[in-house]
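So here's one chain in two forms, each on its own in structure tokens, numbered structure 1 and structure 2.
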Structure 1
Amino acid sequence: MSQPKYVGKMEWPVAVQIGKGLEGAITSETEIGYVDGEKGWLVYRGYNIFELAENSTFEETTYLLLYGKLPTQKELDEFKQKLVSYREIPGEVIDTLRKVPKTTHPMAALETGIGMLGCLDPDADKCTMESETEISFKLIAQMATVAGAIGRLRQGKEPVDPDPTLEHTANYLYMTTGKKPDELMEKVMDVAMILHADHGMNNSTFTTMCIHSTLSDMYSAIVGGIGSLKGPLHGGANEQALAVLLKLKDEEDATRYVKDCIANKKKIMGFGHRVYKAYDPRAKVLGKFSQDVTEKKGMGHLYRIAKRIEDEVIAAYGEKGIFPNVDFYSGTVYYAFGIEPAMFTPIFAVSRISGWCARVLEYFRDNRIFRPRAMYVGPRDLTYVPMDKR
């Protein structure tokens, strides 16, 4: 059966400057958040992150990311009530999570749990602004419940039902540990959740937007975002950074470790950033928490070792713009509160679900499918070779 034939030869594309890893690529306009890499600034809807860390709560910040303004008390109360009303998850999700091997990484389990939520939601494929907004509320509420259940099942314990009287972060901690957090843990972890909620066009946010830009559903988009965040170059670095600290016995060991990484050009987890060439403002807040909380919990050595690593890395790489990022100190704080390292990145997802949903909804208002190109540098104008001639 003969086929149409090409006429003429392939044209060599004009050589273009490729930003490896999409460095410098601008995907879209946004009003949600801004990162100034040179100054080390992070802004949500015009408010700088230090002001929000000082004065806001995770629920209020989530409202700000979604709606573009700080809520009145009535608006915040109604929003919180909406999230509380969505905290419960169907029993089938727990049944599915029970089948996940205990050795599975919690982020892989989280993908499974969120995917199952999508299978059970009759509105999953409606794909209207109204349905995607309602599903965003469900996902913001239920990411915490699914992550909490995973945390409990990993320990061979029964999931804990959400407590409607607790604030969002406190309820997440309660569902993960089985204990209501004390005031210090609730306050510090709520600020950590504010810090992790949004961060420009990072890989996982771009992934969720990419998936949804095909008019696929919110659940599929968020499952993709979780898969991206799991990577050690992205949200998985918090777990990796702590694993290094736990292996080092003192500051001298920390110095030896950094010198070895430098000599062998090994990446140091929790350092460097595609955008920040200054100190990550989130690491400034988390570094202070790390010092205070590890001291209070009798683990001050962890902070001192981390601080030595920071000093050594900045001495060696500060000129190159390599400083601590959000993932360097966060793990010491979570560990000091008794959270197991494998559950660190799920905490990132329980927070970043707000930024993911806000940005997917923003782009959905004027959607166009993402479709970049690649520079073809392979062979050209070859003729098919029959098998007996190869």
Structure 2
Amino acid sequence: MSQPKYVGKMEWPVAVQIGKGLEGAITSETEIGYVDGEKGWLVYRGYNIFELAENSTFEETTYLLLYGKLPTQKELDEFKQKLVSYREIPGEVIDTLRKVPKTTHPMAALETGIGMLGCLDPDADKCTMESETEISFKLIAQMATVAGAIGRLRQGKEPVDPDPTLEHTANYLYMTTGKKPDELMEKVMDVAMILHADHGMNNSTFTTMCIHSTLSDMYSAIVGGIGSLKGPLHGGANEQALAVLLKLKDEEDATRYVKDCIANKKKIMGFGHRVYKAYDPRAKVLGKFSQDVTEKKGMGHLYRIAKRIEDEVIAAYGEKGIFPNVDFYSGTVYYAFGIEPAMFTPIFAVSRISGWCARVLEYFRDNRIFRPRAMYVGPRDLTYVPMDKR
């Protein structure tokens, strides 16, 4: 039977423009967070990130992202208690993580652990606002426990049970290092997690929203977000930035490194951002803490090397809007805490789970499945050639 031929010139409306990587595309409206890259602003629910970093806690900021307002003391206490009640994870999850090879990327192990939590949750597929909100509470609490267990198992150590007497961030550090953090460690990690909790329509956030818009479950959406965050162009960049710092001996070596990168047009890890054309506000905060933490831990040379690189890069590229991003200094902080570089990106997930859940729930209230289009530019009139004539 003859088929009609698709002939003629392919035409698209004149107004059609392709924004590679969806650049410039507006996916939805939100009241959760706002990034102004030209001014160097990061805002959560109307609050500047500098104010939250100085005055808030991770639990309070998470409440703000989820509920749209700062909690009263009673509301915060109840919210914190709910998170504490969900910290423990089933033994089946630990058993599964034990079977993951130690050579596996920890983010792949994290996907496995969160996926297993979904398999064990009888409410996973209900997909109602009530159930997805409750699962969000579980995931915010349990992401830290799973990540802590992965870090311990990678080192051949037994996972540490959560301590209900510790705040969320302190408990995460305890489950990761096996030691209760001092006041400075707890404060700095709490600030780092606040800074990473949300960041506009980034790739992993869009991934979680895109998956959940099909009315898939929250666990699947978060596993997808973890997979997106795993990439070195997203959450994995701080590990690469630290690797550079560890190879340099001193500040003079740092100067030579930058000049070599400039001369040979090599990318300098930890600098530049898709959105920010001004100094990343998160890097401003973490840069100061990096100096404090590395000096206290006897690693002050790491900060001095990093600062020399920053000075050299800004002198060369500052007018072009190239400044340190959050990845440049966060790695020095985590490394000074005794956390292995491979576990840096899971820390990102332990923080960003708050923003992921908040934005999924916000979009779920007026859900519409994401269905973008692609501009087809291939042939349309080829004739099938039988196998014996190819």
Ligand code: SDX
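All residue numbers here refer to structure 1's sequence, counted from 1. These numbers come from a predicted model, not from an experiment. Take the two forms, superpose them, and find the largest set of C-alpha atoms that agree within 1.5 Å; that set is the rigid core.
Structure 2, not structure 1, is the form predicted alone. Taking the rigid core as fixed, one finds a CA shift for Ala315 of 2 Å or more between structures 1 and 2. In the core-superposed comparison between structures 1 and 2, the CA atom of Val385 travels 2.4 Å.
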